[in-house]
Structure formats: C-alpha cells, structure tokens
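One chain is shown next in structure tokens, namely the form predicted on its own.
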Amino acid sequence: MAAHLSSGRVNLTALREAGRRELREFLDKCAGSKAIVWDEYLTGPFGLIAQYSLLKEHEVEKMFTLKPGRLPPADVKNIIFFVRPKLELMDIITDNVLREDRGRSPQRDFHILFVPRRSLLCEQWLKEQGVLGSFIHREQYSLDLIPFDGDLLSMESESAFKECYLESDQTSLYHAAKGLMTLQALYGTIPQIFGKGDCARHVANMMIRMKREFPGSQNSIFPVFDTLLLLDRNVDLLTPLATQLTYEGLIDEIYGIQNTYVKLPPEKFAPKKQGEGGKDLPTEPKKLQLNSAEELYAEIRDKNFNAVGSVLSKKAKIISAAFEERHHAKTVGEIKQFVSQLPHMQAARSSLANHTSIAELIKDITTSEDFFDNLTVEQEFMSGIDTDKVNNYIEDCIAQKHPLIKILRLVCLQSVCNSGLKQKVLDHYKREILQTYGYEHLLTLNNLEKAGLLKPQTGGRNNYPTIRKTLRLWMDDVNEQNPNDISYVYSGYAPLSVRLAQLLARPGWRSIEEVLKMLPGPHFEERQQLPTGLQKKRQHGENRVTLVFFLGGVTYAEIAALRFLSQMEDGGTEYIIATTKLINGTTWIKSLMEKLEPAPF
C-alpha cells in the first residue's frame, strides 16, 4: 500500500509506521467496541497514516463527523472524539455530550484525542461547561509530519503562516521543532543546520533546547540526513503568488489537491459506449489519488505542462503496441507471458486515459485568452517591467469584477517585485478594490500589508532588481521540454527559495552574503555534535541528503524544482521536502482573508 514512501533515498515508511503504532496503542486503551467522531479537517491527513481497515482491526465499528446536536445512534461501548484543540470545536463536543441520554444502558464511555497537542485552554473550557469529567481518556496524538510521498512531508497546519506572521503565535513552530525531533529519533541526528528568517531561527533554537532538555534523545543511529535547511516563507513571498506551470502545479491551481486527492469534473471521465449518446452522464466529481505510486504520474507530475502532451502520446503508442503483441503470441509460453503482463498493462491504460482527460481539462484553461493575459502580466512583473505604476490589465480586471483573489494575487505580486508600491499607486489599488468588492475587505488588505505582501515602499529603494540579477531569478531562454535550470517550473522565473537551496549546496551562501542581507530575517548555521563513531565517511560519488523545511507553506512548483535538482547528474545533493502546509497562491491568500461582518442593526 505505501510502497511509494520507501522508494526514495530516505525510507519514510518508518515515520508512517511510528504514527500507526501510536494510534493503535491509544485505541487499545479504550477496551470494547468504538465509534470515532471526527473533526472533519483531520480525516484527510489521518487517511495518509491509517486506512479504515487498521481502525476496524481495533474494534472501530462506526465513524461520524463532528457536528452539533445528538450523536447518531451507535451500539458501541466507547465514543472517541478526534479533534484539533480549537474552542469552537469544544462547544460542539459539549453539546454532543450533554445531549447524551444518561438513562440508556449500558452507558457509553467518552474519550478525547487532541491532535497534535492537548490544550489547557480547551480542557478548562470543557470543565466550565461541566463535561470534562465525562472523558475517561484525555490524550494527545502528535501528528506532526505526515508522509505524503517518498520525498515529501507536511504538517498540514492550514493557519501556520497567518499565526506566525500576523498573530505572532509560535505554536506551529513548536510543532515543527517537535516533528524534527521525531525525525531525528528515527533517522539520526542532523549534523548541520542552516536557516534563513526569524521563524527558522526560532525553530532551530527550540530544537537545540529540546536536545539539551532530553539528553536521552541523543541516539546511536547513523545519520541519514547531512543537512537541514530551514526557510521562512516570508523570505520568498513572490513564488506562491505566481501561477505554477508544472502539471501537478496546474492541477492544484485549477482544481486543488487535498491530501493527495483531487476532485475533477466528471464529464471527461464518463466511459464512452457506442450509440448511447450523452445520456446518464455521471454527476459526482471524479476523485483520483495522485502520488508516485502511479508510474505515469511520477513521470509527468514535475514537467512543465507544455512538455506533458508529447509524453502522453508516446505512452499511448507504447501501450497500444503492447496490446497488439497478443496477435503474435503463438506458443502456450508466449500466451502465458502475455496474460501475466495483462493486469499491469490494463492499469497503465486506465492511468493514461485519466491523465489524458486531466490534460485536456487543463489545456482548455491554459489556452484561454484570460489565462494568457494574466500570465503575461505576471511575467512582466517578475522580469522587472513596469512594476512601479498602476497596471492597466489589473484595472480592467477590477472593472469587470474578476474574482477578488485573482486581483489580490496580481497586486501583491507587483508589490513584492517592486519592494513595495509607491503610496499613490497603493492607495489607488486599495480604493478601487474597496469600491468594487466592498468595504468589508478592509481587514484583508490590512492583513496583506502586515504580512509584507501589499505594502508601501519604504526608503524609496527597490531591491528586487539586485536580488533578481544576483540570484538569476529570471531566465529568458528557458527550455520547457528538456530543462537545464529550475526556472522551467514557471517558464522563466526560478523560485527564489529553491535558488537559495541550490546555492547553499554549491558554492555556499558566502557567495551571496549581500543579497541575503536584503532578504528578511537572519541567516545562520548551527552544528550538532554526533557521538563518536557516527561521523559519516562519504563514499566517492555518493550524494548528500538535505532536508528543506519550508515554514509557512510550499508550492508544488517549488517541490518540482527541488526534485529537478535531486536528479541532476552532477548535482551531488538529494532533497527531501518538509513543510507546514502544501499551498498555492489562492489557498495562501484565502488563509489571510478576513471579512468585516456588517453590524447586526
């Protein structure tokens, strides 16, 4: 089931197993039949750790979604709430428990499992509501880093960026440090830590303190990772705002990938039967899982979308040729061999059909005039053209009332590519947005300013051109089919965050000291002592393994760029990626949006 987790340089199945073991231990504490009441947000991440079959083995008979009112009838001994420590969820749990029929026999036992940490505030709240005593077991389940793929881990903490940069709440950074300690317990101490940004500094400090406080955590495992690179999202605010142009990035931009699953419009996936016309088209969205367990997807996910079509047509030829083989099978042995390959061939054919349909859906959008105009403006900003004046295309979009998030992404992109906007330009945009979309978006604009996304230019200096030239963030002659540089993921723009990782590996950050000072937050290096005998002697030609941890979110295009660097012949470094959340420009801006509720009179 999880073979794709062990296919990379680091076997992430061990992390998944540790998560499953902890879950089994908790379920076994609640003896007898069980029903789980889920905080809906947790079902996706949990699905990547344990399937229903594992829960069933431990007497879980029913599952419900957490909602106010009476709990549905279930003939079980234990009711277990799986929840994030949020006060609004405690209100629903209180309602559930108070409505429980005390007169029923036998009585049902209540338990609560906080994910990822117990919260004194929530327990105090339950106590004040008079229900805390109803829970026999009150425990925490540390779901910090969830393996999404053979080289990808995510905490799926949806509000981490907002908490860190707007609310100065460092809870998610503590969870990140805890997650890294768990990784070190499984894969050995990471000898070198590099970082850039305030949040990165905090996480490194917490890790060092945790190590000091738990001297027993110094394990005698040979280190798997050579280097940890901690990067703050606000060091590179530009990358998530731009439209991703890899296959996986575009699927996420257009349809949204949730915990490796995507829901697609069903029309394209209806089986075509002869002579039936278009009746009985499915209405349910088509749900597909996307990860490297699927051979074809692993091959095309990180390619620029313009290079996907040729791969799909090549594959189609290979598969039809393979099916043609059956006509040439003469002997029993040949027929037997063909039959044994059949399941694999059929899986390949259905995988090809799915991805051809997805590619058609995406192509309908990427060939539209609006997509092209939007992309042209993005690319002009990123290459430094006309970033300091009001943009006509943005004005037209506001006048035609295009979706607000689209407008905000473009205006923020312009602001970041100009190190902030002139006050006159900024005021003009704000006025246009509030007059067109409503004054309730005032708080959103304020949040974007606080996060550094949409701000006035201070000191009258635009540092972006210097950063762009020094780090080679814009490449004019990009090769989308056979790329030779990471800039192919945005057809010209090289993600700043990934360029920093690339330069750290070779020739080192000393070469870009001046630019690092222009980017927000400190940059630092720490070394963790390894017990004698565990120092690594690298074999000739053996690659280093670097864990890049994005604090505040990472996009699929950045992941594709890091995978590209891992596969380079003379790269010398393989990357594993960890993040607080997988994001794209839309979900990221959405997490910062806030509506002023109209007064109730």
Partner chain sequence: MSRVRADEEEYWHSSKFRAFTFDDEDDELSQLKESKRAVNSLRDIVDDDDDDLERVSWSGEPVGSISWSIKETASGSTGSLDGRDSSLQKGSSSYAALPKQASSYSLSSLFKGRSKLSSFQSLSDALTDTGVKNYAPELRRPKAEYKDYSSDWSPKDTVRRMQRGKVCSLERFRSLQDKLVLLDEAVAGHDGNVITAVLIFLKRTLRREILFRELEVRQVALCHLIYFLRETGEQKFLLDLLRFLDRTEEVALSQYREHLNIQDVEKRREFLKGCIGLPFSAEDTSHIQDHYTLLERQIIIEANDRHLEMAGQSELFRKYPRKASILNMPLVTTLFYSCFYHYTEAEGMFSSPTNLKKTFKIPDKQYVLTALAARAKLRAWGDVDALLTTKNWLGYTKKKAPIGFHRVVEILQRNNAPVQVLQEYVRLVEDVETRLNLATKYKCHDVVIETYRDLKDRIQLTAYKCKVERGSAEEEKIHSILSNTQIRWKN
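Fair warning: this is a prediction, and the values are worked out from it, not measured in the lab. Positions refer to the first chain, counted from 1.
Same protein, other form: the form predicted in complex with the partner chain, not shown, and the subject of what follows.
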property: Interface membership of E59, the partner chain in the predicted complex, 4.5 Å heavy atom rule; result: yes
property: 4.5 angstroms heavy atom contact with the partner chain in the predicted complex for P507; result: no
property: Proximity of M568 to the partner chain in the predicted complex, heavy atoms at 4.5 Å; result: no
property: Exercise: I208 in contact with the partner chain in the predicted complex, heavy atom 4.5 Å; result: no
property: Joint contact, W38, P343 and E594 to the partner chain in the predicted complex, by non-hydrogen atom at 4.5 Å; result: yes
property: Heavy atom within 4.5 Å of the partner chain in the predicted complex - residue from F524, F214, F371, F222; result: F214
property: Contact assignment for the partner chain in the predicted complex, among T376, N463, Q107, S310, heavy atom within 4.5 Å; result: S310
property: Which of 286 to 294, 510 to 518, 491 to 499, 235 to 243 sits within 4.5 Å of the partner chain in the predicted complex, heavy atom basis; result: 286 to 294
property: Stretch 179 to 212: residues contacting the partner chain in the predicted complex, 4.5 Å heavy atom cut-off; result: M181, T182, A185, L186, H202, M206, R209
